[in-house]
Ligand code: DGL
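A lone chain, given as structure tokens: the form predicted on its own.
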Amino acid sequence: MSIGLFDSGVGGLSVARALVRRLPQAEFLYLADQAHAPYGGRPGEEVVDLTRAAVTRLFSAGADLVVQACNTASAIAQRRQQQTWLQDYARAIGRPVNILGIIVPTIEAATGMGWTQHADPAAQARPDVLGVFATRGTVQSRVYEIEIAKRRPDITVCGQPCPDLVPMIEGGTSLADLAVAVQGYVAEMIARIGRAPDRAILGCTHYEIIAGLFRDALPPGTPLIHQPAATAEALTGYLARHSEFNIGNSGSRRFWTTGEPGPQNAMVQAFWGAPLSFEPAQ
């Protein structure tokens, strides 16, 4: 058994790295759907179908839990999967399985409130502008605006689509060119708000690979809410409450791709901290 991680590409490695550090004994199987990356500009139904296919592949390979380390998939497909087929699938294979996303722990970190908590109408706080840099699909879903408003109406969310960043990161574009692109997206957000955001979420796991470029483009000291750390914290708590899930104990790591197998680009390997090669997805 193992923990499965799924992303359209290499961005989910940012979550995988945090989980490996937190749960070194667990067995991990990572699947990158690079044949169909990026997901951010795809129609919603196509994202749902691709996500279901990837999750099913990980369950079939022995994963008990799958972490959707992709904001687009979590925003568009998570609820549909939970409501329409997951329970029937678990009964069919005869073992407990579940799908966890990364948006819930990110919103909990951004609001300081648990997922089941809602706003206190009597509470007053200074207005807080939270910038969310994400794919077009995640921004259009408005999941951050909707869910944060339920808990913290004093937080104003400004979503900024960054459609060029995932293809650039997947393609190994130079840091200099990526810096120009990031600066442009930050400038667009500041122009729309009329000032810099008070805090920011990197709402695509690919962006964690270049988090330093966002820090450089934003005003000094702007806090960044990091999804990998929030996800690792949430998963550790979830496993403590759900002993029925077997995450293994050999510490094995496997990396699959639906795209071109082999070593990843130098920027990705530097982020991971070791040579990294993907095998063909089975």
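So that there is no doubt, residue numbering starts at 1 and follows the sequence shown. Quick caveat, the model's predicted, so the values are computed rather than measured.
Form predicted in complex with this ligand: not shown, discussed below.
Colleague: Please tell me whether any heavy atom belonging to G40 falls inside 4.5 Å of a heavy atom of this ligand, as the geometry stands in the predicted complex.
Modeller: Heavy-atom contact with this ligand at 4.5 Å: present for G40.
Colleague: So, in the predicted complex, is A77 in contact with this ligand at a 4.5 angstroms heavy atom limit?
Modeller: No, A77 stays farther than 4.5 Å from this ligand in the predicted complex.
Colleague: Give a yes/no on whether T106 approaches this ligand to within 4.5 Å in the predicted complex, heavy atoms considered.
Modeller: Although this ligand is absent here, T106 would stay clear of it in the predicted complex, with no heavy atoms inside 4.5 Å.
Colleague: Check V166 for me: does it contact this ligand in the predicted complex (non-hydrogen atoms, 4.5 angstroms)?
Modeller: Residue-level check for V166: yes, a contact with this ligand.
Colleague: Please pick out the stretch from 53-61, 31-39, 237-245, 213-221 that is in contact with this ligand in the predicted complex, where contact means heavy atoms within 4.5 Å.
Modeller: Checking each option against the 4.5 Å cut-off leaves 31-39.
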